[in-house]
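Just the one chain here, laid out as structure tokens, in the form predicted alone.
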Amino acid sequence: MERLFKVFSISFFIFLSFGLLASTSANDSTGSSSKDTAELYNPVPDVMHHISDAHDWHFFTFRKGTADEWHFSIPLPVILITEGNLDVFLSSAFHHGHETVTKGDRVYSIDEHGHISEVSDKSILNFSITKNVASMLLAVLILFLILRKVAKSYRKNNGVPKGVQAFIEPLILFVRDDVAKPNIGHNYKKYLPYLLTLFFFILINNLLGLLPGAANVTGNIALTLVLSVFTMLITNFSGNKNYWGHIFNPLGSSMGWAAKAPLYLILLPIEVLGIFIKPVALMIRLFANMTAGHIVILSLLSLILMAQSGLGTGGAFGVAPVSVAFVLFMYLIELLVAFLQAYIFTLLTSLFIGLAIVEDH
């Protein structure tokens, strides 16, 4: 375990140093490190670029001089439907926003935020495979391969855990015995496939997002919105008469309608809004926690470049040890958060389902 930690630490420092060298500004490469001549590095554009979606999978950029730069990235398919016309091409055709793409009478451009538009303002339906979509598909493939291998191992070894199964089985049993059973009850098997899929899908995307150059998939509110909508639909379609009765008649039959009417003016809107507030809380919790971790790590790394642009190379070397130490600590915290957020999302989902199907005692 100690050797593994050392290998991880060395690899992390290599990636860190490589990223910092690749991100050094043109003024630094020409030897201008004076505080009076160098402009203070602004980390906001680079941080926002990292946590946002894109039409290519960008890893790093080499800069030489003031204009010469080389991008190492993987172009992704751009799929557009404009006035009934299907246009498919690679994002590299835009040359990082420096050129437009012409398809028949349609001319497409892309701005610095990655938004594609038609020059003559024609209506566009965008079905492109973006960085987040590509990473999500990769996570789905990994999830399928891992669980398929575990299923084969179960059949081959008569349930005796070996290899990958020995690592995955405790997680499966944890979701079944400590999440599904206590919160849902004896009907847990009906919902277990969804809960397991939810847990492993979020976990794999969280872990992939911690790799250098990876996409911030679970930090995209569109993804967390879809997962929350699935939970909301399953919860409400599973709800029994007691669940709906509590929403539309929260006071029961203990009071007369004349006495309950004023209270219902307050309680009914709250109960109905609660149907939507619970999935919204799920959506924001996962999105905010994963995005915040990426921002904190990148902000700590940016202190090195800010010190270099403001104080010179000596300032960068002075700040680097402290910055990297905090980044390594935050990175280990993010590993914990990756598991924790997958657990919390699955736990709350099972809790909502359990409350919707509980029988009246």
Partner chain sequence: MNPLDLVTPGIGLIFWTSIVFLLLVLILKKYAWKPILDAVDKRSKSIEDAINAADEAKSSLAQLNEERAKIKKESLADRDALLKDAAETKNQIIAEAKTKAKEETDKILNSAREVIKTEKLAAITELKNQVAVLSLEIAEKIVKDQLSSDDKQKALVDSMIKDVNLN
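Take the two forms, find the largest set of C-alpha atoms that superpose within 1.5 Å, and that set is the rigid core. Positions refer to the first chain, counted from 1. Small disclaimer: the values here were computed from a predicted structure and weren't measured.
Missing here is the form predicted in complex with its partner chain; even so, the following discussion is about that form.
In summary, the region of this chain contacting its partner chain in the predicted bound form, judged by heavy atoms within 4.5 Å and restricted to 206 to 214, 170 to 178, 92 to 100, 265 to 273, corresponds to 170 to 178.
When contacts are judged by a 4.5 Å heavy atom cut-off, L223 counts as touching its partner chain in the predicted bound form. Put simply, T235 is far from its partner chain in the predicted bound form: not one heavy atom of it is within 4.5 Å. By the criterion of a heavy atom within 4.5 Å, P193 is counted among the residues contacting its partner chain in the predicted bound form. Using a 4.5 Å cutoff between non-hydrogen atoms, S52 counts as a contact of its partner chain in the predicted bound form. With the partner removed from view, the residue among L40, M48, V322, I333 that has a non-hydrogen atom within 4.5 Å of its partner chain in the predicted bound form turns out to be M48. For the candidate set L80, I116, L143, I247, a heavy atom within 4.5 Å of its partner chain in the predicted bound form is found for exactly one residue, namely L143. Looking at 135 to 154, the residues that come within 4.5 Å of its partner chain in the predicted bound form, counting any heavy atom, are M136, L137, V140, L143, F144, L147, R148, V150, A151, Y154. When two forms of a protein are overlaid on their rigid core, residues whose CA moves 2 Å or more are considered shifted, and L125 is one of them between this form and the one not shown.
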